[in-house]
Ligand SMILES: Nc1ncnc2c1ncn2[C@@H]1O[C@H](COP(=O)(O)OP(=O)(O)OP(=O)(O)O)[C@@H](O)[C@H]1O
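Quick setup: one chain, the form predicted on its own, written in C-alpha cells, and binding and motion questions come after.
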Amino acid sequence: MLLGALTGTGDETRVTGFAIDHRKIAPGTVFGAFRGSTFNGEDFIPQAIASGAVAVVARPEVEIEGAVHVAAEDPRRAFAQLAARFFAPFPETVVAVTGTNGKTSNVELTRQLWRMRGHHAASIGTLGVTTADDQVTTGLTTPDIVTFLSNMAGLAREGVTHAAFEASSHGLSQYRTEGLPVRAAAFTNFTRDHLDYHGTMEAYFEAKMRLFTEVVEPDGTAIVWMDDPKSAEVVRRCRERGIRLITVGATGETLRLIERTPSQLGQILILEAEGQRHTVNLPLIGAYQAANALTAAGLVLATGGDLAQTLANLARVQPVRGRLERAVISRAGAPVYVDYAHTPDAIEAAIAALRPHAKGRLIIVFGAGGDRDVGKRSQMGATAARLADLVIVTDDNPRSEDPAAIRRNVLEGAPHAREIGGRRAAIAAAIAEAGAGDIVLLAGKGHEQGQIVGDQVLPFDDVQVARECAA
C-alpha cells in the first residue's frame, strides 16, 4: 500500500508495516511515537527513521526530519485509524466486551455460541487468540494496536467471520482497539480495579465508556447487564448516542432472569423473553456465570442469532479456562476450584457461586499482585474473611515488591487468616485441610501458567499444582 493512499497526501512511498516499538522498524514502516507513563516514543524518532521509517505519527509540535510527519493532536488514535486501513479486511462481524469482571468468559462463551450456529468464530483477550482449532497466547488482555489489528486481519484471512474481543480500560484509554467496525458492545459490571493506572474510579469508568460513546458503530448495539449499580448510567449514555439496546438480567427487558436454581453440575435459569418463559439448563455454576452466559447470548442476538436456538445452545457451553474451573477432587472428596478472581467483588462472586455446593467449609487460598492497586488488598482480605470459613493468604504475582509486604497488606483485612508464603505450600495445606463436603477455592491466577517474581516468570499453574498436591 502507498503512503499517499493512507494519508491522502499523494505520496507514492510504499508502506510495508506499522510499529510502535522503534526496535521493530524495517524499511517502509510507519512509526507511532507516543508519550507514555514510562517511555516517551518521541525520544526514539531518530532511531526509527534511521532504521527505515517512512512516516511518523506524532504530535504537531514534534520536529521530524527524514520522514513524513503525520501530525495529530491524538497520535495514538490517528495511528490506529491509519493502521486499520493498512491491515484491513477484518472479520465481518466484530463485537467487544468491557467491565471489571467477566470479559474473558463473555468473549469465549460468545465464540462458543457462534460456533454452535455454524460460524467460523474467534475470541481475543486474556486467554489469547482462541478459535475452534487453536489457542495462541498474546500475554495481554488487550494487546497493542499493531498486534491487535494484525491478529484480526489474520483471522479474516483464515476464514473467521465472527470475532469477539475484550476491551480493557487500558486498551480503550490508549486506543488499542480502534479502526475496525465494532457491531456490538457489552457491559458486564463495574467495581474497583486498576486505580494504579487510572487514579480514580471516575477516570476508570470513563475509560470503559469510550467503548459505547466512541468505538461501537453509530448503528451498533449495546448489551447491558442491568443488575450493576452503574448499569443505568451505561444505558443513559447509550440512549444519548442513539444506539440500539439489549438489556439482560433480573431487571433487564430483553432477557429477564426470573429465577436461578443451583443444580449438581450447574444451574437452572428461568428467563422471560419476547413475552414467553424459557428454561435454560446452564452447565456452569454461580450467579456471575449466569450473568456471563446471558450477556454472551445478548451479543449473539445482536449479531443475528435466533432467540430459541441461542438459549438452547447455552445448555452446551463449556467452562472457560481458569474461571471456576474444577481442577481436581482430593482423596478426601473435596473439590478444588481455580478462579481468576483478583478483586474484592470477584472474590465475593466466586465464593457466592461455590457456597451452595459446599456441605462443609469453604476454604480460600489467594494473594494480591505486586505493582498494582495497593488499596484493594485489605479489601480483598476483608471480603474473604467475611465470606469464607478458612482463609489462607499466600503469594500471587509479587513482581518487584516484597511478597511479605503484600501479604501484610492483605492480612490487614483478614487478621485471623493463615499466612503461608509459598503458593504451592499454601495450596497443599488447603487440600490437606479439606475434608469430605468442603470446597477449596484457589483464587487470583486462574488460567495463568507462570508466577511473576521480580523480573522472572516462574512456571506455575494452579490447576496442575492442585492436581499434584491432591495426588
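Here the structure is a predicted model, which is why all the values come from computation and not from measurement. All residue numbers refer to positions in the sequence shown, first residue = 1.
Omitted from view is the form predicted in complex with the ligand, to which the following refers.
- Within 2.4 Å of any backbone or C-beta atom of the shown chain, none of the atoms of the ligand lands once it is superimposed from its position in the predicted bound form; the pocket counts as open.
- Checked against the ligand in the predicted bound form, the candidates T100, T247, S150, T221 yield a single residue with a heavy atom inside 4.5 Å, and that residue is T100.
- Checked against the ligand in the predicted bound form, the candidates V393, A186, A350, A163 yield a single residue with a heavy atom inside 4.5 Å, and that residue is A350.
- Contact check for A341: a non-hydrogen atom falls within 4.5 Å of the ligand in the predicted bound form.
- When the ligand is considered in the predicted bound form, D345 lines it closely, a heavy atom lying within 4.5 Å.
- Residue contact check for R323: one or more of its heavy atoms lie within 4.5 Å of the ligand in the predicted bound form.
- The ligand in the predicted bound form is not approached by T110, whose heavy atoms all lie more than 4.5 angstroms from it.
- Only one segment in the set 231 to 239, 333 to 341, 304 to 312, 178 to 186 has residues whose heavy atoms sit within 4.5 Å of the ligand in the predicted bound form; it is 333 to 341.
- Heavy atoms of every residue among T126, Y288 and A291 are located within 4.5 Å of the ligand in the predicted bound form.
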